[in-house]
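Let's start with one chain on its own, the form predicted on its own, as structure tokens.
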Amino acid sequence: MGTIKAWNFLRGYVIIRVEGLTLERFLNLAASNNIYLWDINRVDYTLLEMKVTIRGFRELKEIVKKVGCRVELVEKKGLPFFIYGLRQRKMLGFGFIIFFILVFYLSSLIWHIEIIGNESVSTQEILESLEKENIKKGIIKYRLDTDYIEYKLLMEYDIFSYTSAEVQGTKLTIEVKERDLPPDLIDEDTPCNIVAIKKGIIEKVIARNGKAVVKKGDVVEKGQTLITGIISDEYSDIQMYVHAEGEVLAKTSYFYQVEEPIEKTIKVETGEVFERRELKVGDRGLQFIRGDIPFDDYVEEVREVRLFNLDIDLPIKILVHEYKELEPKIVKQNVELIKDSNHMKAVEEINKQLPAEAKIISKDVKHYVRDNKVITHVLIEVLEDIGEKRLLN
């Protein structure tokens, strides 16, 4: 759709109004003669408003005579009419042409590179790696080989399981996905113990190799040995060292507390707005209006004013910065709604900590109202495997 609008702007078009009692016949004849009409709007029963190309407007004259309608030219739009209006102002017209060429040249460059999905590898490191291949801000986007960028990142970083490079206007977006590296495994021939990674109450011990040193009902602490890899012969002092294997299921608990004030101060807009306009080329900008913002507390919103009303991503943009004044306001919240909200927040946070294979046994929720606050305690008890292999000393 943006390409069509740009093309219509470049070749020029007019807005017309057609009045008469045979409007449907007018539209049918225009379609049968391949005259492109768009943005057709019925103003009333006998009046239509629409857009048509310059050539199409000329071809409509014969159709208008046939159907007996009246055509009114409302407005001329597009580059040809703009240039025509500048023919008596040659210097201004020449400057506009230079500006127009400059805008489209700048729109062919990459002005921003965005990296998405990286956690272990920093964005700066990826940008420096790409810069060695001359892939950086300012490069002509038509020279970019997105397939090569994807291949290079996959080859250079083993942690990446997926890469995608896409050019959108003047921005190069690179999305990566990092593989989950498995924990360091202990070789099966290496002796080890299984120890507790957290505190819990033992429910079940399954020792496939080695010897269980805890039983159901025992309370164990973090780091305590659960299944030992040292096996003694009861008839001698000989000890065997084995690779302990097994599962140790225990009851563990997860606790989270949420506090929310009953009366709290929020910030609301007063309706007062201060504006600044900025001409931005790439990453650099020049503000038209300087001076201090006349508000102590405000929120900023930025909107873009599109040049030429075209759906083209140009590096030259006009931005309007709106600074909206805020003032404090005290509001009183419903206690029951706070309790429900706190409950959901606490459960959501605990779920982030729970292992995928953990089985929830019980949940205890308590609310307290103290010092203008609703305090919520959530305790969830689960059954999970708390064993982890550790090398024998």
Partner chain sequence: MDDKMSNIKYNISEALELPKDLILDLPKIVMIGNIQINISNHKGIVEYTQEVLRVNSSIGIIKISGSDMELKTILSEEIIVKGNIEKVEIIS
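Here the structure is a predicted model, which is why all the values come from computation and not from measurement. Numbering follows the first chain given and starts at 1.
What follows is about the form predicted together with its partner chain, which we do not show.
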Point to revise | Non-hydrogen atom within 4.5 Å of its partner chain in the predicted bound form for each of Val273, Glu278 and Ile293 | key: no
Point to revise | Contact residue in the predicted bound form, from Gln353, Ser362, Asn334, Asn34 (heavy atom within 4.5 Å of its partner chain) | key: Asn34
**Study point:** Sole residue of Lys324, Arg42, Arg58, Arg70 within 4.5 Å of its partner chain in the predicted bound form, by heavy atom
**Key:** Arg42
Check your understanding: Is there a heavy atom of Asp371 no more than 4.5 Å from a heavy atom of its partner chain in the predicted bound form?
Key -> no
**Study point:** 4.5 Å heavy atom contact, Asn28 and its partner chain in the predicted bound form
**Key:** yes
Review point. So in the predicted bound form, does Leu48 come within 4.5 Å of its partner chain, heavy atom to heavy atom?
Key: yes
**Study point:** in the predicted bound form, segment of 34-42, 59-67, 336-344, 362-370 with a heavy atom within 4.5 Å of its partner chain
**Key:** 34-42
